[in-house]
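First comes one chain, alone, set out as structure tokens in the form predicted on its own.
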């Protein structure tokens, strides 16, 4: 468990800013204490400083995980968000997409969102902007990338992809052995 290097921090914050913008500082300076990001076995964990101090008593090879896994660095040093970060990204999301009840299951199976399954979309969403996907009952389901801007979505074909799938809560079941 070590702090992130400057390059790793920059890469991770660039990815997070696609989804929550400048609200990243709200993740670190919370009213219930100070939180930080730590790297352990190529995975980035979000942990309170109180728990981090207690974890120093455990050796690195015995430590499995600590706090919440936000994502991992690939072998090419790109950062990939995990679905476990959804609970922290959803309240601060700048751009949101709501899916119709019929399209929820398709999204939760790992498919992209089509225009026919789109319920609502936040105004002024740009193309390739990170979005958090919600059900019509405002339950966060996952996150993705907008394939089309808000203005283009209005006049596009119903079978066109409007949101590219990145991660969804169905991954807890599909990939339970790789999520730590």
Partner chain sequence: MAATVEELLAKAEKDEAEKLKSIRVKKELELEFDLGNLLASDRNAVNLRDFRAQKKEDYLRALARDNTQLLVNELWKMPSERVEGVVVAKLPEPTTRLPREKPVPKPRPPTKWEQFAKLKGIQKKKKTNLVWDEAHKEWRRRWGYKRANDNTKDWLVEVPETADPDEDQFAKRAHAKRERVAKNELNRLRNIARAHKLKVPGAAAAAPSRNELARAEQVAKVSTASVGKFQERLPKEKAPRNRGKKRAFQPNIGDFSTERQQQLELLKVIASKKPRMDVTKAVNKQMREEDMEAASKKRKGAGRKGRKGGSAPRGKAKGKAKAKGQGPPAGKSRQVRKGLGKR
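Positions refer to the first chain, counted from 1. Note that this is a predicted model, so its numbers are computed, not measured.
Although not depicted, the form predicted together with its partner chain is the subject of the following passage.
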| item | value |
| --- | --- |
| Distance check, residue 41 to its partner chain in the predicted bound form, heavy atom within 4.5 Å | no |
| Partner contact for residue 59 in the predicted bound form: its partner chain, 4.5 angstroms, heavy atom | no |
| Contact flag, residue 13 vs its partner chain in the predicted bound form, heavy atom cut 4.5 Å | yes |
| Touches its partner chain in the predicted bound form: residue 161 (any heavy atom, 4.5 Å) | no |
| Contact test, all of 134, 145 and 166, partner its partner chain in the predicted bound form, heavy atom 4.5 Å | no |
| Heavy atom contacts to its partner chain in the predicted bound form at 4.5 Å, residues of 37-51 in sequence order | 37, 38, 49 |
